[in-house]
Ligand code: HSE
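Here you get one chain, nothing else, as structure tokens; it is the form predicted alone.
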Amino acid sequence: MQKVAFVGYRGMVGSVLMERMKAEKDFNGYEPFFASTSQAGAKAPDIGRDAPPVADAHDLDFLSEMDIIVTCQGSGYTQKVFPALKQSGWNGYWIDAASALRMNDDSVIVLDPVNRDAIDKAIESGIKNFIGGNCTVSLMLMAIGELFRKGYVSWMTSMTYQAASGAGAKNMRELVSQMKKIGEQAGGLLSDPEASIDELDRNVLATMTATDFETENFGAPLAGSLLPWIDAGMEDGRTKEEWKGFAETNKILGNNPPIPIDGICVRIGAMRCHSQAMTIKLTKDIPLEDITQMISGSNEWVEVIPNTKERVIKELTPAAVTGRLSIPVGRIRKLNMGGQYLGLFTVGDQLLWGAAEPVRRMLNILLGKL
């Protein structure tokens, strides 16, 4: 029976992965083990069956006994442990939610509803490293993958509105803390019907710009504002997050030559759903009805939302989508630049299809369960 180790199962992505695996009864048919960088010796998590005590995630002897290692521990852990493990002669499968190995030639970025053929070919050819993709890229391809598959995308911009969860658990806490502080400081004015809106506005701004306003993780106020910069800067003016939209999309799809993709990535005050507004130049003028049918047929999780105010504001928002595997796509319309120009808007849970779900499904593919 195959041995599978889970590393980083207590973190934000790891905990969502564990929830999904328990819900889908994924812990059967192999021997599960758990490893931690800080909780070695602790009792294994409750997965509905017995498992040995938690191992040390840096113990190469332990890791080398595993057939498959699934890690949500982050790039720092991968960069330290993976090379040492490979150097020791380990030849098992490495499934990783972090970005460290994504662009390596011997790695495949996994999103099986979009690139299952590439995954199967990689397994047959002896590839051992299967890496979850950038969250916005995965969510974008879940939404409109069929347009790419049919060769109808000439170029695309994806303007993203990314949730606090993409920056980590500490950032999510900081966002809520900022919201709380603004509400507390404005409480008296909100309860006074005679208070002017100008006074309320000044109060909120004063709270956000005060020296004691908590911004340790984001570096600036996010609640009541936004941050048009995500990840490190690059020499050409893009951020690394914006570069990933081009690089990872084309690697997942195997495009040669690559399709031009660019945009601006913005952090907003949502908790865990990323949203994207896309402008696409099609390779030809395709009727809107045909486009809608293609999008709705991309995979079983896509939901096309009719372009009405009532449906859009109820179903095409982070509040409506959080915790769900569905990928709603709406505001689908031709733009006034011409019939080859398409606009649409989509939302997806960053911790599900943006992180944990492709990793969960990749494990099941290797185990022959999917």
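Residue numbers run from 1 along the displayed sequence. Owing to the predicted nature of the structure, the values given are computational and were not obtained by experimental measurement.
From this point on, the text means the form predicted together with ligand HSE, which you will not see here.
- Of the candidate stretches 68 to 76, 144 to 152, 185 to 193, 128 to 136, only 128 to 136 has residues whose heavy atoms lie within 4.5 Å of ligand HSE in the predicted bound form.
- Interface residue remark: T346 is not counted as part of the site for ligand HSE in the predicted bound form, having no heavy atom within 4.5 Å.
- Contact check for R267: a heavy atom falls within 4.5 Å of ligand HSE in the predicted bound form.
- Contact check for I230: a non-hydrogen atom falls within 4.5 Å of ligand HSE in the predicted bound form.
- When ligand HSE is considered in the predicted bound form, N115 lies well away from it, no heavy atom lying within 4.5 Å.
- In terms of contact with ligand HSE in the predicted bound form, the residue from T207, S158, S298, Q162 that brings a heavy atom within 4.5 Å is Q162.
- Comment: ligand HSE is not present in this chain, but in the predicted bound form one of A247, A167, L226, M294 has a heavy atom within 4.5 Å of it, namely A167.
- Counting a residue when any of its non-hydrogen atoms is within 4.5 Å of ligand HSE in the predicted bound form, the one hit in 343 to 366 is Q350.
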